[in-house]
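Next up: a single chain in structure tokens, the form predicted on its own.
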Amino acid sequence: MAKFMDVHHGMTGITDEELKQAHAADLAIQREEGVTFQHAWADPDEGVVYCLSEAPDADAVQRIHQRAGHPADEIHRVPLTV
């Protein structure tokens, strides 16, 4: 499994509760694509949300986000960590 960092733009003003709800929507269906969402972060002022996951590929990550109602604008494979 590879790690992915995805980015959502246009989320200006997102609240803590809204981020929790969006993350929960992903978690509810993640197994259907073999994805494991690990963390989500947001900058409400900049309107950006970041999600870290492990998945078979970027397409699986996007399918979950699309079905949960918040498709990612960018998905980056993260092959190196320290």
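Quick note: we count residues from 1 along the sequence shown, nothing fancier. Here the structure is a predicted model, which means the values were calculated and not measured.
What follows is about the form predicted together with another copy of the chain, which we do not show.
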{"query": "Exercise: residue 55 in contact with another copy of the chain in the predicted bound form, heavy atom 4.5 Å", "finding": "no"}
{"query": "4.5 Å heavy atom contact, residue 15 and another copy of the chain in the predicted bound form", "finding": "yes"}
{"query": "Residue 46: touches another copy of the chain in the predicted bound form, heavy atom cutoff 4.5 angstroms", "finding": "yes"}
{"query": "Exercise: residue 31 in contact with another copy of the chain in the predicted bound form, heavy atom 4.5 Å", "finding": "no"}
{"query": "Within 1-36, the residues that have a heavy atom no more than 4.5 Å from another copy of the chain in the predicted bound form", "finding": "3, 5, 7, 14, 15, 16, 19, 20, 23"}
